[in-house]
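Single chain ahead, by itself, as structure tokens, in the form predicted alone.
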């Protein structure tokens, strides 16, 4: 990446440290939601707006801190792990209570994770408890997990997440949980706030949960306003009609710039946990089946200009599939392909392609007689102007080496089925990531689809060395989280060299996001890279309880 570009992208204005004032209690926090929710059932929720509301209402067992390290929330300390990496023991806070005054205990944790692991659970979300052998209640405040094999992602993938009351959800049929009335009107809460009213399409009204185990949150009330127009939401922040706008980046460079210039707004801009990539079908007979061809594509593309033109500053060029926000990121571990058209042409020739008089490359047909032309389509989501712009620029730049790739805007409802069947040339898609950088589902050969029933490795790429390294990083568990990360990071560096070097996927950009608050909101704290990721979704619900109104209103 170009250092100067990154410096511009992460520049922000506003407070980055806690206020020196003593937090006040009182007032109402009004914030912007870019769409309505369809459910407030944590087992069913699958969209960002739903998780944003739920994060005020339910506790997490573990959460992410400001620098995206896993820290205890409802848990009383980090888990203890046996020397063989198979047994994880978690202690719970003894003073924790639900909003109805009943204790939060190991029974609630067991019930939550039993429902998540039920194959009959009716949900659009994906839960994976396949590495869990048993889960046991040791006592009222202790849970013991026994795994089938050492599994490093267990902490961030399985133990970071919400806990729901067993007395409410444990009595429901998982197969019918989506339609239960509690999905629209939950009654018992463990987070900082409780739901008073949901007016569909308009707002969510919340008030203080007096039994919140971390102590009283400072705001008396929280109101989530549904504002679907991005410009209107940005203006509402600037005008002081909302005090928090978690999707300020959706308003574009103009909206962000306007907010940063406002004296009553604090903005944080950062590289988020998500990326956009250009994913090729590498199966035999497809135009990108040769690594040299993929390297030629990487060498003919001017990535910085593509990203800048497509995102207008809302993307940072990326070479590997671990984003800068992750603890596992290492800029030196990836193979970068600087713009070199002559090298790209040479690589095409080495791969057996010859540019014809019509400017299109051809080669002997690898699956039969005759020749094959380098003609394909770039499948891209309709209604995603940044991705379509990237596809158009890529289509133009690759013509220099005989590649004829035509953008094909496609409605989301029919976008993925052909991809999941392996019936595509290239597609551009976005991936939202979690605190866990494990890339098993998108890079391991056991996750090839349609070759296997599950997984998101739609490329057809298979590499035994890569598989071995992924297996190794997933099974590397040390006595502490810090030791585990250090050992895994060395393995991730090797993984990134293979993925980027072989261009298993041509990465485009890491998302650059912005959040805004009015300056009246106290104790808004950014982490490294000016990130406020941990405030969003369910990464750290407890952190929102620390905000307060400086004016008391």
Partner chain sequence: MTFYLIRRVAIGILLLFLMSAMFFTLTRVTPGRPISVGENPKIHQSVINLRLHRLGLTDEQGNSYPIPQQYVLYLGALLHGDLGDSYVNHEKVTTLLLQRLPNSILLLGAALLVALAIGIPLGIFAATRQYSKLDITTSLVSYVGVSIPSFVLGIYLLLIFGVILRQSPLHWGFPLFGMHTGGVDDPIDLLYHMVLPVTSLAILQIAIFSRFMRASMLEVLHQDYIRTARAKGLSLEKVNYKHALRNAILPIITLVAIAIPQIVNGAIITEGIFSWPGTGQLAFQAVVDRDYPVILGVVMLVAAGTVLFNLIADVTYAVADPRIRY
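Since this is a predicted model, take the numbers as computed values, not measurements. Numbering follows the first chain given and starts at 1.
Omitted from view is the form predicted in complex with the partner chain, to which the following refers.
The chain here is shown without the partner chain. Which stretch in 95 to 103, 331 to 339, 266 to 274, 125 to 133 comes within 4.5 angstroms of it in the predicted bound form, by heavy atom distance? Residues of 125 to 133 come within 4.5 Å of the partner.
Is residue 258 near the partner chain? Define near as a heavy atom within 4.5 Å, in the predicted bound form. Result yes; residue 258 sits at the interface with the partner chain in the predicted bound form.
So, in the predicted bound form, is residue 347 in contact with the partner chain at a 4.5 angstroms heavy atom limit? No, residue 347 stays farther than 4.5 Å from the partner chain in the predicted bound form.
Residue 36: touches the partner chain in the predicted bound form, heavy atom cutoff 4.5 angstroms: Yes.
Hey, in the predicted bound form, does residue 367 get a heavy atom within 4.5 angstroms of the partner chain? Answer no; every heavy atom of residue 367 is more than 4.5 Å from the partner chain in the predicted bound form.
Heavy atom of each of 184, 205 and 413 within 4.5 Å of the partner chain in the predicted bound form: Every residue of the spot touches the partner chain in the predicted bound form.
Let me know the one among 200, 359, 77, 210 whose heavy atoms come within 4.5 Å of the partner chain in the predicted bound form, would you? Looking at the other structure, the residue within range turns out to be 200.
Quick one: from 446, 404, 312, 235, grab the residue that has a heavy atom within 4.5 Å of the partner chain in the predicted bound form. Among 446, 404, 312, 235, a heavy atom within 4.5 Å of the partner chain in the predicted bound form occurs only for 235.
Stretch 223 to 244 - residues with a heavy atom within 4.5 Å of the partner chain in the predicted bound form: Counting only heavy atoms within 4.5 Å of the partner chain in the predicted bound form, the contacting residues of 223 to 244 are 223, 225, 226, 227, 228, 229, 232, 235, 236, 238, 239, 241, 242.
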